[in-house]
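You are given structure tokens for the same protein chain in two forms, set apart as structure 1 and structure 2.
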Structure 1
Amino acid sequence: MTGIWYWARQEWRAIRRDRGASAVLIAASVLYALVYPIPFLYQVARDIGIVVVDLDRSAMSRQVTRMIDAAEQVRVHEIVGSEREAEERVRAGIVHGAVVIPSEFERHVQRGERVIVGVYGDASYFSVYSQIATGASAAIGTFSAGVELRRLQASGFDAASARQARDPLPLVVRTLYNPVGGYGNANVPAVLILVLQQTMLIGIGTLAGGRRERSTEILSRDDGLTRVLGRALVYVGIYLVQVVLSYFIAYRLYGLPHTGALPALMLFLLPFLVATAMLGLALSRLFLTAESALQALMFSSLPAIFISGFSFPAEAMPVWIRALAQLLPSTQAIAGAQRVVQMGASLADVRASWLALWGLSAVYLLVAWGLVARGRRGASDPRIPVGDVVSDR
């Protein structure tokens, strides 16, 4: 245990002396935790501009236009007289969609004939398209239901019977674990996990690369295990504080929903931090300079996001990508942390992910230990006293 504390103190001193590593390990995580949620505080996009192509110019078409404009998702920017004008507005980026009300709309509705109202949205921006489709469809559906109810009442139904005949199987939709269906609620927990993982990997890599670059590596005659455990202890300690900052202080500061218990979340994320620290210590053996570590590990950040499964279902990805994703601690950590944070799951509920993270911790500990033991060149030389500062390149 004395050896572990020795290496922990040495690592902490090295972090404090290396401005680049301390900026990544401490300042970057704090900055991300406090700044990242800000753009998503409104949760969902509202008042997305669209145009209405009113080819009927009737009282009924104006009523439909007002109902669409009243929907919270969209805002009628302009009423135009042709589809060509609407297309020009969309191409120019003035609006993101259009609703086309056909000619003789009111006449066909009054005669009980089927009328098709077109809704067009810019699907190159998927969340915008989804909001346009939702807002316009709800407004047009409400108008259509009103027409049908009036028709049934005119044929002799009372109000209650007309509603039952119009909608014999009423559909009730409830959004679970994300009441407002917000982007921030869905993505902030997952992105914070990735921030914790990537900043720790980059910080460990740049510190080790800089140490070799300056030839300030300390050699020891121990078997390398105490060095790995001591160094990992420092990183896990730093990032336990980051977890509290990210999931307790930042969540309360921005009013994000957090139904899970903080102790359960910290217990769940403990093996994630251990696995990430061990992975970072193993990868750090690859880098001879701080710059090479920064470049390589920054490059890995975007692939880690793509394959993590929070932005696109993992089940829909190729098998080999899913297998590759399991090598990253963030994959299991995101799956479990989202359940704890949003669903209020207990540690027992996320036991499978928790055990998988401990398994990764053991594997990466063996890899890091093996690489450190292999790199102890000169450690057996009795002329070099233990604790001397020498290069291991």
Structure 2
Amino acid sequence: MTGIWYWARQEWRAIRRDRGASAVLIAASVLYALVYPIPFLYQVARDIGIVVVDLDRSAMSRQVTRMIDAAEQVRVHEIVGSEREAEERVRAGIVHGAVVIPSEFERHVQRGERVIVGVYGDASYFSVYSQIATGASAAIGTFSAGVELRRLQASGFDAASARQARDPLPLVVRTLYNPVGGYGNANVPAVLILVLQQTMLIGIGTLAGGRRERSTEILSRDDGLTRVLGRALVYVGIYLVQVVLSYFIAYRLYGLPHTGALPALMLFLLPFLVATAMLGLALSRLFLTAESALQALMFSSLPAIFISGFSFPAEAMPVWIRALAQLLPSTQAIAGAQRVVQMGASLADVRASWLALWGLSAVYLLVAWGLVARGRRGASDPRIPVGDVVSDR
């Protein structure tokens, strides 16, 4: 145990002496938590501009237009007389969609014939399309229901049974958690977990690379295990503080929805931090300069966040990708942390993820330990440390 404390103190001193590493390990994730949520504060796109192609110009078509304009997702920017004009405006990016009310609209409705209203949305941006589709179809659906109710009531039904007759098998959709469909609610918590992982991996690599570069790497005669544990202890400690800071910034300062389960979150994320620290210590053997960890690992945020399945679901990915995803601490951590903080899941509910993260911790501990032991044995061998060879001349 004294050995572990000794190495922990050594590592902490080294971090404090290395401005580059301490910037990444101590300041980076707080900075991210402060700036990253800003673009998504409004959560969803509202009042998206669309045009209405009114080929009927009747009282009824104007009513539909007003109802669409009243939907919070969209705003009728202009009423045009032809589909060609609408297409031009969409293509030019002036508006993002169009609703086409056909000619003879009112006459067909009054004669009880089916009328189709076309809703066109720019699907090159999905969030824009889905807002237009939701807003416009809800407004048109309301109009349609009104027409049918009037018709049924005219033929002798009362309002309630008319509603029943119109839709005998009603479906009620209840969105639990993030009911507004907020992009920030879904995205920011996931990214902040990823940021914890990436900054820790890069920070550990920066410190180790810098030491090697200055040839101040400490070679010791112990078995390596106490050294790995001692170093990991420091990183886990620093990052428990980062978890608290990120939590307060994202959930309190920016008001993201949360259930207030900070102790549960810290307990859940503990094996995530241990696994990441071990992975970082293992990877750090590869880096021979202070900046090479950042250079080699910076790109990995992109595949790491999408492989976690928070955006595009894991069920749609091939098996080998899902297996690869399990090697990253972020995958289980993102899924579990969202459940704990934003959905109020208990630790028992996320036990599978928690155990998987302890499993990863064990695997990466063995890898890191093995590599340290190898580095020690090779202390007199000029070929070791392996990895990159700095010979920029």
Partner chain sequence: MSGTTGSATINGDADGATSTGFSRRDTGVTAVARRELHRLRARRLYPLLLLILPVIGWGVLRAIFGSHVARDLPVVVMDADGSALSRRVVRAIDATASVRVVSRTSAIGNVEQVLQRGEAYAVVVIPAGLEQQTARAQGTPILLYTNGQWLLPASTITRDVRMAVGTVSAQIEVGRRVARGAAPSTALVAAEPVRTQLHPLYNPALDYAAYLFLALIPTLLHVFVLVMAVHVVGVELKQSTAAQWLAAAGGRAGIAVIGKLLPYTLWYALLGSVMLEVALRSLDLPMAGNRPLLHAAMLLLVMAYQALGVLLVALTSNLRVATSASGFIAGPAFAVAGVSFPRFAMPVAGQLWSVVLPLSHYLELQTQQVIVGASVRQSAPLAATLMAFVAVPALLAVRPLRRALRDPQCWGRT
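Quantities reported herein were computed from a predicted structural model and do not represent experimental measurements. Residue numbering: structure 1 sequence, from 1. For the two forms, the rigid core is made up of the largest set of C-alpha atoms that agree within 1.5 Å on superposition.
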Legend entry - Chain form predicted together with the partner chain: structure number out of two: 2
Legend entry - Core-superposed C-alpha of residue 145 shifting 2 Å or more between the two structures: no
Legend entry - residue 286 C-alpha shift between the two structures of 2 Å or more, rigid core reference: no
Legend entry - Core-aligned C-alpha movement of residue 159 between the two structures, 2 Å or more: yes
Legend entry - Shift in Å of the residue 170 Cα between the two structures [rigid core superposition]: 2.7
